[in-house]
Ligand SMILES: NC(=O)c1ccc[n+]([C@@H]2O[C@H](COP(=O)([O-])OP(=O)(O)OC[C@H]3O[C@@H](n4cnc5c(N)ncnc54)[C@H](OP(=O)(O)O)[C@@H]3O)[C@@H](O)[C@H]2O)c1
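Starting off, we have a lone chain in the form predicted alone, written out as structure tokens.
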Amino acid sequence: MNAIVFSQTGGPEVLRLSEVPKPEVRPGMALIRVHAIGVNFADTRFRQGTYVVKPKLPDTPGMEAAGVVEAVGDGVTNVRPGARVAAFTVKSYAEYCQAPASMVVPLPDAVSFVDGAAFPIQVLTAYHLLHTADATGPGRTVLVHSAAGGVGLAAVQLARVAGARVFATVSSDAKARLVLDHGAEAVVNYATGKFADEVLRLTEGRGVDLILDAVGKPTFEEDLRCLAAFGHLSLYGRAGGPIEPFDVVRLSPKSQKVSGFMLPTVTRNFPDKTRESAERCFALMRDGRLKLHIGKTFALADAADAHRYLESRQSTGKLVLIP
């Protein structure tokens, strides 16, 4: 089968289309014929060797895919061959991949494979940031950073569905219209102005209850400045670099909290919660209240170009590879 392989860490140019053996299904696993593959910022860090999980060279990137189950291993009872699925997996930049049966999510017939590949990591990250790591509902105010990306656009819509006021930041004026069209009340370009000033103005000095931040170092101090009393700053990425060490005593005057979030905490430990949240989000897609924005698709052979485009910060929504 064809797969993207890199034999050394580095820039996008290390990604090569190669012929590799088709995986043999193992106990507890589902073998999936891949129809679409989600591209994530974490994939670029995995390629660079800077992600929390290190590559075992030669290795293949990829953390999610959508396709059709071809076979299941011993002990698998909840997944059947022929089923349309989305999956949390590894080495998904390929024509076939394997996923633990507990990490496989049934894909409704009304959801395309492209949308299915865009769904697992970004939609469920947004959902669990709002509803597991926090409790978002009417009366709450939420600030979403990097709001034109896949997680950001999903979070804006899901927070609005929950009844919250939603503010957002983007890195360029060109992305602001897209985020407004997806339900944000106000959008700030954090590259050209201090977003905290605008958030404090919009909230009459109170600040926001929840901030979803995948940027890290460039936004952290301003986050704290516009976080309300008893507010929650959730860090789920560090695209702009890791934050500097800080004294938690600084949080005491307003009784604030800062937390970290990674979706695998949910998917690996709470499979029932994972499936339940997926079903809820698929229902919102069916009702038209949650729409996935596919920024661009690439052929599998062009994975390096997809990484270049993602790292250029010009992309919006989700990038998807097609084998």
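Numbering starts at 1 and follows the sequence shown. Values in this document were obtained by computation on a predicted structure and should not be read as measured data.
One more form of this protein exists, namely the form predicted together with the ligand; it is left out here, but the text below deals with it.
Go through Y96, F220, Y236, F88 and name the one with a heavy atom inside 4.5 Å of the ligand in the predicted complex.
Among Y96, F220, Y236, F88, a heavy atom within 4.5 Å of the ligand in the predicted complex occurs only for Y236.
Can you pick out, from L202, A214, A228, L178, the residue that has a heavy atom within 4.5 Å of the ligand in the predicted complex?
So the residue touching the ligand in the predicted complex, by this definition, is A214.
Of 281-289, 22-30, 35-43, 250-258, which is the one stretch near the ligand in the predicted complex, taking non-hydrogen atoms within 4.5 angstroms as near?
Heavy-atom contact with the partner occurs in 35-43.
Assess the spot marked by G62, P108 and V320: is the ligand within 4.5 Å of a heavy atom from every one of these residues in the predicted complex?
Verified in the predicted complex; spot residues all out of contact, no.
Within a 4.5 Å heavy atom cut-off, is V68 in contact with the ligand in the predicted complex?
Although the ligand is absent here, V68 would stay clear of it in the predicted complex, with no heavy atoms inside 4.5 Å.
Though only this chain appears here, would V104 touch the ligand in the predicted complex if you measure heavy atom gaps against 4.5 Å?
Result no; V104 lies far from the ligand in the predicted complex.
For L224, is any heavy atom within 4.5 Å of the ligand in the predicted complex, or not?
Contact check for L224: no, nothing within 4.5 Å of the ligand in the predicted complex.
Heavy atom to heavy atom, is Q157 within 4.5 Å of the ligand in the predicted complex?
Output for Q157 is no: heavy atoms all beyond 4.5 Å of the ligand.
What residues in 170-201 sit within 4.5 Å of the ligand in the predicted complex, counting heavy atoms only?
If the 4.5 Å heavy-atom criterion is applied to the ligand in the predicted complex, 170-201 yields V170, S171, K175, Y190.
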